[in-house]
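First, one chain by itself in structure tokens, the form predicted alone.
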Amino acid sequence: MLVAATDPKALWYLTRSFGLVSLILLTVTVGLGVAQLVRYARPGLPRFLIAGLHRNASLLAVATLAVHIVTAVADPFAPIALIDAVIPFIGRYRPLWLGLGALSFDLLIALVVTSLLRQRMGLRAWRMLHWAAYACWPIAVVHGLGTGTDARTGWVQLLYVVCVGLVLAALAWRLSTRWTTAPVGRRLGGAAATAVIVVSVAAWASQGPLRAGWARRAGTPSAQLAPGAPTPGSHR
């Protein structure tokens, strides 16, 4: 934060960096959550340790997202208010894509809260809320691609591919453990839905954030796109 006081671009870079770190931590959280569900354990990695890592990764994700939000709000380039980070789809700056980020943050908070209150909730209610909260990961992926400025950067694309691949591997692991017990329709439906979502997001990304001119189509205010406007990062 001290650097941000002397470098006008520092807040923008901090926002982007902590956004990517948050995606990594959310990916780790999903992977550890699946490991808990399949009751994975090794001699040097007991289940209670996995549960602790899962909880701590979730809390750390909240912390990094808080920095991501604060720096985005403090950055004078984009007109983002603090309320825009909590209530989805009300902002003026790329409202849909920023709103997805707010929704992902709200779901992550629900994920952490349900984890902390697990002992006081019924198992069925906890599972329903917990699994619904896991939607924060795919929503965060779309938010990052839609509102981020690094979608066409090679190493960022690689990071997204790795994170998506790890989550897909975790889901495949989860499905494989229930393949012989769950109803056939449910198994096939889950696999088909996952495939459709992945293909749809990839197709959208290739025609949207990965192509030039996305900033205008994403809903960036004209003041930020006008000639001579400050450009702390690559916004077009």
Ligand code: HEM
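Model, not experiment: these values are computed from the prediction. Residues carry their position along the shown sequence, with the first being 1.
Below, we turn to the form predicted in complex with protoporphyrin IX containing FE (HEM), even though it does not appear here.
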(request) Evaluate residue 36 for contact with protoporphyrin IX containing FE (HEM) in the model of the complex, applying a 4.5 angstroms cut-off between non-hydrogen atoms, and reply yes or no. (result) yes
(message) Can you tell me whether residue 102 touches protoporphyrin IX containing FE (HEM)? I mean in the model of the complex, with a 4.5 angstroms heavy atom cut-off.
(response) no
(message) Please tell me whether any heavy atom belonging to residue 149 falls inside 4.5 Å of a heavy atom of protoporphyrin IX containing FE (HEM), as the geometry stands in the model of the complex.
(response) no
(request) Report whether the minimum heavy atom distance between residue 78 and protoporphyrin IX containing FE (HEM) in the model of the complex is within 4.5 Å. (result) no
(request) Please name which of the stretches 132 to 140, 92 to 100, 156 to 164, 79 to 87 has residues with heavy atoms lying within 4.5 Å of protoporphyrin IX containing FE (HEM) in the model of the complex. (result) 132 to 140
(request) Kindly indicate whether 29, 54 and 108 are, all three, within 4.5 angstroms of protoporphyrin IX containing FE (HEM) in the model of the complex, using heavy atoms. (result) yes
(request) Could you list which residues of 90 to 120 come within 4.5 Å of protoporphyrin IX containing FE (HEM) in the model of the complex, counting heavy atoms only? (result) 108, 111, 112, 115, 116, 118
